[in-house]
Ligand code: SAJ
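Next up: just one chain, as structure tokens, the form predicted on its own.
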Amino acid sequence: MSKINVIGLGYIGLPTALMLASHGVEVVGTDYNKDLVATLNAGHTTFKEDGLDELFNAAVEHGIEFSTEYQVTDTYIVSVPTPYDKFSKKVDASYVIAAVNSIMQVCEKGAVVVVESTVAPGTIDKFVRPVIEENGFVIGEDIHLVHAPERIIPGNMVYELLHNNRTIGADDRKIGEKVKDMYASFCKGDIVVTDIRTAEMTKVVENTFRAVNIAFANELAKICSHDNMDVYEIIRICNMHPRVNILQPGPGVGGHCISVDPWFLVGDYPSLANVINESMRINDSMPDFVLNRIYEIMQEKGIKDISKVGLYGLTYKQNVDDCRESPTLQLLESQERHLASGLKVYDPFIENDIVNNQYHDFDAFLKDIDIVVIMVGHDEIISNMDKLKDKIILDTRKVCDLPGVYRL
């Protein structure tokens, strides 16, 4: 195996490229975004993540390169976005198709193409194989296909890249073992080799399992709120049972995995994925539920001006700068659909303005509001609860223990 060309340098592709390079593998990272590539070549990472800067420095010392050009080599890792069509719920494979098509223009005969992007079961059969064949290559001879879905989460990427188990799906067992050895250069977890369709399905099922369990907790929150019961106390007591482990409810589900991947199954199996479909709808309804709770609290407290309400947190989870599918963004979009606006927003991890009425100073944010809605449990707010003592608080993450706090 000569140098590896990692295609797509986002939240998954960049850490993967850096990890391989820092463990002595020759790597070139490719992305069509010229500004992103320029930033990396200037010696800066493009997002915040614990341990990422140190990993970047180690990779640079080992000679990693960044380019907008696809490389002539024998091994490619495709790590590009795979959104879903919000109407059909089916996977949008256009980024994967474009990447594979570009690879076909430069790759060596016998090259291995590893798709890391999460895709719906059957995506490689339906979309990737035809692209390769249309370019005149024979799969299994000229090109070898592998699916190695990523399994990491923002906020803990470096650790999980090193320690999480992995699945390698391949047409040819020998090729699968070869790719397994490549990941074993840094991965300390178990690496399972199977077929491609099984690998596609297992990744989607893992995220769907989590989505369904989150939906159960969210539905409990709605039921308990309706009859003024404490959902958190109920969950705490239920979880004392040795075979019960209910998750915590929240203001919605974000990120590019749990909020997206289960829809692939709904889109492809609409008459079969009934529990999954309803679970996703429950999770998607939570930002509206939070918005309604805000209006209820405003009425109870006699506050008529929505601009006196501030949303703390724009990211989809704590202590990261990733806003993909963020519940806060969903809530703001819902507010605009209801022809209302004015909510103030603050997040210490988001340095640039991405929404209206966005603050960049915590104290200034608090000064201008009466109601604080905790959408994300960043360490900053947990360690500064004393600053909220004079505020009305709606805590959607159960991180505040001040008296009189409202919850979901």
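Residue numbers here begin at 1 and follow the sequence given. Note that this is a predicted model, so its numbers are computed, not measured.
What comes next is about the form predicted together with the ligand, which does not appear here.
> Heavy atoms within 4.5 Å of the ligand in the predicted complex: does N207 have any?
Replying inline: Yes, N207 sits close enough to the ligand in the predicted complex that at least one of its heavy atoms falls within 4.5 Å.
>> Just checking whether L247 would be counted as a contact of the ligand in the predicted complex - the rule being heavy atoms within 4.5 angstroms.
In response: So L247 counts as contacting the ligand.
>> I'd like to know whether K203 contacts the ligand in the predicted complex, with contact meaning heavy atoms within 4.5 angstroms.
In response: Contact check for K203: yes, within 4.5 Å of the ligand in the predicted complex.
> With the partner left out of view, is V253 within 4.5 angstroms of the ligand in the predicted complex by any non-hydrogen atom?
Replying inline: Contact with the ligand, yes.
> Pick from 174 to 182, 122 to 130, 209 to 217, 188 to 196: which stretch has non-hydrogen atoms within 4.5 Å of the ligand in the predicted complex?
Replying inline: One stretch meets the cut-off, namely 209 to 217.
>> Can you work out which of I294, I103, I152, I143 has a heavy atom no more than 4.5 Å from the ligand in the predicted complex?
In response: By the 4.5 Å criterion, the partner-contacting residue is I152.
> Among V114, I258, L332, L265, which has at least one heavy atom within 4.5 Å of the ligand in the predicted complex?
Replying inline: By the 4.5 Å criterion, the partner-contacting residue is I258.
> Are there residues in 265 to 292 with a heavy atom within 4.5 Å of the ligand in the predicted complex, and which are they, in order?
Replying inline: Heavy-atom contacts to the ligand in the predicted complex: nothing from 265 to 292.
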